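What follows is one chain in structure tokens, specifically the form predicted on its own.
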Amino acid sequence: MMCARELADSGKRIVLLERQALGRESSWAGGGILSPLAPWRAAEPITALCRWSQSAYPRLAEELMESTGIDPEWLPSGLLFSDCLEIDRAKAWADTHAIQYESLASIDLGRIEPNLCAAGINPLLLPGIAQVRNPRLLHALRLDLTRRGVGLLEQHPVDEIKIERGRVVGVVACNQLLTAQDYVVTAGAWSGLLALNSGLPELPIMPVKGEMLIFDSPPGLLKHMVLSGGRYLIPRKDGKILAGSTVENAQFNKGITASAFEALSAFATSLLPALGQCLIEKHWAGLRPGSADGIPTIGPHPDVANLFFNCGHFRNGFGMAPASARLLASQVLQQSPIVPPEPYLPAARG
């Protein structure tokens, strides 16, 4: 959807084919944290896309609000690590990238988040990290694309990309051959399967399930996004709190499990005991487009002249989305890229 928006801005006529309903897989299911969970561990190509996107999100949210009346709830709530076990590495990373941080004492942790029950091992706050509310951003994007004249064909799974003499001549969807000048694969966890079904070399992208809960909690119970032991709590603008997430290899099965429900609810209530008095409003799962190192595949196919990819973002799809879309559009339109494109090219990722 971000790619379609970028390309529509250039005057291109865009049609977006969606196998089910737009954004209902990993995009709908995630937490919307606009940063890797442990950014100091992220590969530099991930950091580059996240940094560019972080600076772009405030204006993007404002534009979508103006265009659609839907608030994507971009919220600079900050990311709090209650138990940063790599404090020296984290500080060195923040210093290198000029990222604002606050190294806290245990007493400070209790002061800024009095409802947390945390050991406070090297608490660290990145106050500039923001979030968006995934469903609201997706609703706004969908309406914005419609107003830009982008064709949205839902329930149109692409079964095959037809290639002849080094060019795509069309895609098969719903027993029809649909044609265009250029083609972009942004099929999330299904991208690798689509490439394989089309006779292309396999992309290193696989589905990775993640399950989450949301608590119907009162406003003010939690102020910051909190990361502890690899899991997180995310307070929304209306006070509801997300707890996530699992990382499961379940192929294309996104059914929810009792074990994940118990693990996530136990994590949430141990970190924020007041959640034990709150109703768990929903339990859901999504399929991330997993890749071994989390670096997405963005750019032209090395052997098919009019075929491009933008997929494999794993856990950082929202965090990298604006930059990924701009980088992809620059390659389709043969413009100067915002970051060096080489680490993301399909030839380098295969």
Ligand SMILES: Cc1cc2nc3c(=O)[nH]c(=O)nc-3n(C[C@H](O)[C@H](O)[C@H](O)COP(=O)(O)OP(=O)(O)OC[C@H]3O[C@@H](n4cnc5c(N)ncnc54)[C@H](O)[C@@H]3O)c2cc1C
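Computed from a prediction, not measured in an experiment: that's the story for all the values here. Quick note: we count residues from 1 along the sequence shown, nothing fancier.
Missing here is the form predicted together with the named molecule; even so, the following discussion is about that form.
- Proximity to the named molecule in the predicted bound form, defined as a heavy atom within 4.5 Å, holds among 212, 75, 124, 203 only for 212.
- With the partner omitted from this view, the residue of 300, 45, 39, 317 that lies near the named molecule in the predicted bound form is 317 [heavy atom within 4.5 Å].
- For the three residues 31, 156 and 288, a heavy atom within 4.5 Å of the named molecule turns up in the predicted bound form in every case.
- Contact check for residue 27: a non-hydrogen atom falls within 4.5 Å of the named molecule in the predicted bound form.
- Using a 4.5 angstroms limit between non-hydrogen atoms, residue 326 is distant from the named molecule in the predicted bound form.
- Contact annotation: residue 188 falls within 4.5 Å of the named molecule in the predicted bound form, judged by heavy atom distances.
- Contact annotation for residue 171: none of its heavy atoms lies within 4.5 Å of the named molecule in the predicted bound form.
- You can rule out all but one of 255 to 263, 174 to 182, 84 to 92, 189 to 197: in the predicted bound form, only 189 to 197 has residues with a heavy atom within 4.5 Å of the named molecule.
- In sequence order, 232, 245 are the residues of 227 to 266 having a heavy atom within 4.5 Å of the named molecule in the predicted bound form; the partner itself is omitted from this view.
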